[in-house]
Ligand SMILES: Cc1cc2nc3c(=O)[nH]c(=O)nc-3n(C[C@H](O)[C@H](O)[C@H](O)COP(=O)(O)OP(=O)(O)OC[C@H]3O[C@@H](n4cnc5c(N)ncnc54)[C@H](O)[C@@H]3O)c2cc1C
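Just one chain follows, in the form predicted on its own, and it is written as structure tokens.
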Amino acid sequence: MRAHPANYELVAPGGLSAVLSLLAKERGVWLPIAGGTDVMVEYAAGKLPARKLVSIWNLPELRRIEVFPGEIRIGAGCTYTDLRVHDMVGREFPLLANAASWTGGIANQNRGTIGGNIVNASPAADSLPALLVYEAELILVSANGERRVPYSNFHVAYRKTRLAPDELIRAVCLPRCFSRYYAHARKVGPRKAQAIAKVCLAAQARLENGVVEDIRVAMGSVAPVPLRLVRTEDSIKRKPIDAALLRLARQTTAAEIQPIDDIRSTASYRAAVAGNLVAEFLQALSTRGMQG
């Protein structure tokens, strides 16, 4: 049954400090809403608990993309379109730009935000594996100030994060240190566009003299949270890419992930595809290395 608008209250303070004051005054009462691409789906289905909503859409403090010598800071209110068209994001962080282009259709990309994608905490979110691979950090802000946390442990369980009830994500920080890495991304779904991933991969690596010098691999839709495949990475590092390594990578990937059967796919399919995607990445890395 569709929700009734009379059961909800929506305010739009128009400034970040006013929003933070509201969140601090009534902790856990106000639900921040930006683009609304996930919240409004729950609302339309009558599954959004009746509560108060505070708009953080288009706050200038959250819409900046700032470039520093050592990092880029992406405001949590930046949309997928902002990421998709930004020159430096596309040039230095192609995994994130690709993920932004995969997310929904143009309307969703114009409204959906990177901060909302993180806080919504869906393990199938397209952008989150890229953040793991880039070793992102989050700037969290409240009325009491800011704190900076690694994104790698921000998700603690299915749809649960370390964000306090009075906090917002202010920005996503990505270190500018991956210019010598080969980046590779794949999304497997029932169709090419506007599909929720059965499995998605973000990976990058550096090949030196035919040996995998460094590698970072992350996946979505294969565990309760977006997953960095640390054990798989360790099994690949400092080895040449050959048939034996491809077999090992498939086996280690399948053992490290935690896929489930659901309406979109089966656990066995996800495990097979995940292993194949990692092997495909290594083959592409090897080809690139041979070509110099």
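So that there is no doubt, residue numbering starts at 1 and follows the sequence shown. For clarity, every value in this text was computed on a predicted model and none was experimentally measured.
This protein has a second form, the form predicted in complex with this ligand, left out of what is shown; the following refers to that one.
Trainee: Any idea which of 145-153, 88-96, 214-222, 167-175 reaches within 4.5 Å of this ligand in the predicted complex, heavy atoms considered?
Mentor: Going through the listed ranges, the match is 167-175.
Trainee: Answer yes if any heavy atom of residue 120 is within 4.5 Å of a heavy atom of this ligand in the predicted complex; otherwise answer no.
Mentor: Judged by the heavy-atom cut-off of 4.5 Å, residue 120 is in contact with this ligand in the predicted complex.
Trainee: Is residue 233 part of the interface with this ligand in the predicted complex - any heavy atom within 4.5 Å?
Mentor: Heavy-atom contact with this ligand at 4.5 Å: absent for residue 233.
Trainee: Tell me, yes or no, whether residue 181 is in contact with this ligand in the predicted complex, where a contact means a heavy atom of each within 4.5 Å.
Mentor: It does not: once this ligand is placed as it appears in the predicted complex, residue 181 has no heavy atom within 4.5 Å of it.
Trainee: Please tell me whether any heavy atom belonging to residue 187 falls inside 4.5 Å of a heavy atom of this ligand, as the geometry stands in the predicted complex.
Mentor: Within the cut-off, so yes.
Trainee: Candidate spot 203, 254 and 286, all three in 4.5 Å heavy atom range of this ligand in the predicted complex?
Mentor: So, no: the whole triplet misses this ligand.
Trainee: Looking at 29, 41, 260, 244, which is the one with a non-hydrogen atom within 4.5 Å of this ligand in the predicted complex?
Mentor: Of the listed residues, the single hit is 41.
Trainee: From first to last in sequence, which residues of 95-114 have any non-hydrogen atom within 4.5 angstroms of this ligand in the predicted complex?
Mentor: Stretch hits, in order: 102, 103, 104, 108, 111, 112, 113.
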